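Only one chain comes next, encoded as structure tokens, the form predicted alone.
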């Protein structure tokens, strides 16, 4: 009992989210017969307050407490979880604001959607803190099931239903493979605790059998981060889901997937080798496995994006390519790689959600997600065109935008680890990516509109959203030192071992 009570004192953000979830469910039941707008405004307000409170408590706790195991060593409250909690909360806040301006969600009761958003946000935190094989699986499944429902939330939309079905089918296969791998790993080591797994593997060489297990587990993690060849669901789901949900999937679950990847491979499959470096245990060369996944994911994502004519599909393949870039940092096998992933995700949040914000605002006027529908946007809305340019240049990694800093963290970690050839492949892929990002800008600035051109009007919320997302991308380099200090906390994940 004392352990549970002590653990709850370190579980405040999650408790706040669960409390907000209960209030949203009750409020949704009470307001069923009220006008849709007033009911939606109330539910949005409750959800926003809950998410903001969780963000504040997460930020206040960052770096102020020592690492500690929670709930009988099922979870770890350490620097890694401390860095990821604000990322999850901020992502959900931005997505909630995007949903308020989405044409696709107009006239739809959002009580269940907001409840799902709060559920997933809390489950992402559980994923990021899991140090037990069962807890990893349960938290991942909680995120997956809620995500399936969010993707298919527009029950009258065929594409939304199709996307949800494909997501469920691919998810069932990948998580089934992962569960099989986890059960085999338990059979090999006799423990569910990641630290115990590491100790058991360090006592002997398991060779090909362990590598087979790791491939199965990588299927489940790869599904969450949309890494090839586990990415097949991504383009269709991103295209069919409501755009705010697509934006959320591109950042939130992806970030949690990388947190699980770090936990599993860096804690369970490796041991400290001094100086912040790690050495694999058990005789399986999983570093090469991650390198192969990184190269395939980057290359496939960027090449496939060149062929897209739908902006949501383009951003889907872009998301796959960025997952490959972050996988490069995971190959480093040092705490420097952990910090690089954390820094990249913190910046990726603003640049990718910014691009989706422009897509949502443009869709309110054009009613289309085709890239051709953006023709003439420079004349219709210079503001939206400039904002999209900033987000896309940041995604490219062009200085002085924040995306350059994100890529600098990754490439510096890779080069310092002596993996120059991997850095070269990453640079070549970045050059390929520039082509499809510039294609969108070319249509907006150079191509001429062919049909009616209604004016683009923005509300105060629209402008506030754009400012919230543009400023970090433009001024990101000025906060380099602050980002470095904050993400450095992620390196403390090894303290409990």
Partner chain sequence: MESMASAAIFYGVAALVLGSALYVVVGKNLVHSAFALVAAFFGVAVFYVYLGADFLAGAQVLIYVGGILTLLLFGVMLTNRIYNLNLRSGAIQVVPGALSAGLVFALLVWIIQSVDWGAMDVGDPGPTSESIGRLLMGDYLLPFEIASVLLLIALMGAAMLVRRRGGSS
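In this text, all values refer to a predicted model and were calculated from it rather than measured experimentally. Residue numbers count along the first chain shown, from 1.
Beyond what is shown, the protein has a form predicted in complex with the partner chain; the following relates to that form.
Annotated contact segment (heavy atom within 4.5 Å of the partner chain in the model of the complex): 150-158, selected among 150-158, 352-360, 269-277, 80-88.
Checking 371, 192, 425, 93 against the partner chain in the model of the complex, a heavy atom within 4.5 Å turns up for just one residue: 192.
When you look in the model of the complex, the only residue of 145, 291, 300, 199 with a non-hydrogen atom within 4.5 Å of the partner chain is 145.
Among residues of the shown chain, residue 212 is one whose heavy atoms approach the partner chain to within 4.5 Å in the model of the complex. The partner chain in the model of the complex comes within 4.5 Å of a heavy atom belonging to residue 116. Mapping the unseen interface onto this chain, residue 315 falls outside it, with no heavy atom inside 4.5 Å of the partner chain in the model of the complex.
In the model of the complex, residue 109 approaches the partner chain with a heavy atom inside 4.5 Å.
Looking at 171-190, the residues that come within 4.5 Å of the partner chain in the model of the complex, counting any heavy atom, are 180, 184, 187, 188.
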